[in-house]
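One chain comes next, on its own, written as structure tokens: the form predicted on its own.
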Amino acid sequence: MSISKWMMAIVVGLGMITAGHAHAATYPSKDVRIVCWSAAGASLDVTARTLATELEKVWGETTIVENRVGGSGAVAMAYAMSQPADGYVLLTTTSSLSFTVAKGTIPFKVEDFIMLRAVEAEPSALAVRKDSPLKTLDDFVKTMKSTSGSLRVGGYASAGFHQFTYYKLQQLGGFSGHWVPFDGGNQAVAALLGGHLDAAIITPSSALAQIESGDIRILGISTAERSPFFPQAPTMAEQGYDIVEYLWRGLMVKKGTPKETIDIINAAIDKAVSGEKWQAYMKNRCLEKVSYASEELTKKTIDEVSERKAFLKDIGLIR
């Protein structure tokens, strides 16, 4: 290579590096979109819209939430993958991603994305009506064992987060039982109150009014420690059933997004979730704080996929 060509190569290389840094330094310089795979009004959508409002305050650019529903998130993921990896299309994500990947029903894997942050989470809980003779988790387990799983138990979705919690309880308690799936957590709550279920596995916030009124009683909650929102509810772990599970929600981006841009987005998220408006939102919806950063969340999700696969094989959904 001649000296002139060699010098030209250096100039081009430096130009590319400078352009990359310039992109990060000016990010964001236009509207940012958060693509949500849940329908408007769903918990994930509400979280995305609340976060978008706070992010706008941080970086001064309009942040729009777009709902692209379908295929257990596949529609939203496919759209995000079709866009440039420049950080202007963020994608909502939850721990349900691990179930979807484990099922093999989408053409994507966790490594196709870069996890940004988990911003909030909800636990699972085993709940009964106030007139139920079951007072503790042990009461429930003993009844299921002595009656060959005769109690009717259900919750949101089939082969999802709540059934997984129930599956773990079955493993630890040494009993078998059927699962009645519903299209929404509120439907499971209604079925419990109407006497169509003997017990329900729910996110406590989906039955907040009924729990506060005493119409529904929590036998066990899957938090690591007693929830400040439901201090009267004993954890599953403190009753001898080592189940600590959270349905977390957060954001991710397409793999290939520059690290400098990712750092800016993460810093903005950190600032947004430290504000008073976000803290009030968390409190009002009884959401748990989580601090899974990018690398930790990626590893956690990959580990969850392996665990979910074992669960799905055990219930006969995959081979």
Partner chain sequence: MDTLLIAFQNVFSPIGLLSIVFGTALGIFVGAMPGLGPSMGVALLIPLTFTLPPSISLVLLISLYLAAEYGGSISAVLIGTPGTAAATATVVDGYPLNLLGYPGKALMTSLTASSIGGVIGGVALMLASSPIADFALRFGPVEYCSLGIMGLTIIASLSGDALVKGLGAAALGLCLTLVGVDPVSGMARFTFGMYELYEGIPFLTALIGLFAMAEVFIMVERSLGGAKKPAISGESLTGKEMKHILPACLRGSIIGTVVGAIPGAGASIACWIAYDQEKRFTKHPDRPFGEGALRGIAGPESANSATVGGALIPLLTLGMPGSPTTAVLIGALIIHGLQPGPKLFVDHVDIVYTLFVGLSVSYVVLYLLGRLGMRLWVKIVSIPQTVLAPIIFGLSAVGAYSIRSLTFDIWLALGFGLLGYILKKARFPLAPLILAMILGPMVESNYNRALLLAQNDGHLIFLQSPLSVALLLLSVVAFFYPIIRAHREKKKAL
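Since we're looking at a predicted model, the values are computed, not measured. Positions refer to the first chain, counted from 1.
Not on display, but discussed next: the form predicted together with its partner chain.
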The single option of Leu197, Val119, Met115, Leu137 touching its partner chain in the predicted bound form, heavy atom within 4.5 Å: Leu197
Which one, Val290, Ile264, Ala52, Val69, lies within 4.5 Å of its partner chain in the predicted bound form by heavy atoms? Val69
From the candidate stretches 61-69, 247-255, 264-272, 27-35, select the single one in contact with its partner chain in the predicted bound form, where contact means a heavy atom within 4.5 Å. 61-69
Do Pro234 and its partner chain come within 4.5 Å of each other in the predicted bound form, heavy atoms counted? no
Flag Trp179 as yes or no: does it have a non-hydrogen atom within 4.5 angstroms of any non-hydrogen atom of its partner chain in the predicted bound form? yes
Taking the shortest heavy atom distance, is Gln279 within 4.5 Å of its partner chain in the predicted bound form? no
is_contact(Pro228, its partner chain) in the predicted bound form, heavy atom dist at most 4.5 Å: no
Any chance Ala40, Ala209 and Glu212 all have a heavy atom within 4.5 Å of its partner chain in the predicted bound form? yes
From first to last in sequence, which residues of 144-164 have any non-hydrogen atom within 4.5 angstroms of its partner chain in the predicted bound form? Gly149, Ser150, Leu151, Arg152, Ser158, Ala159
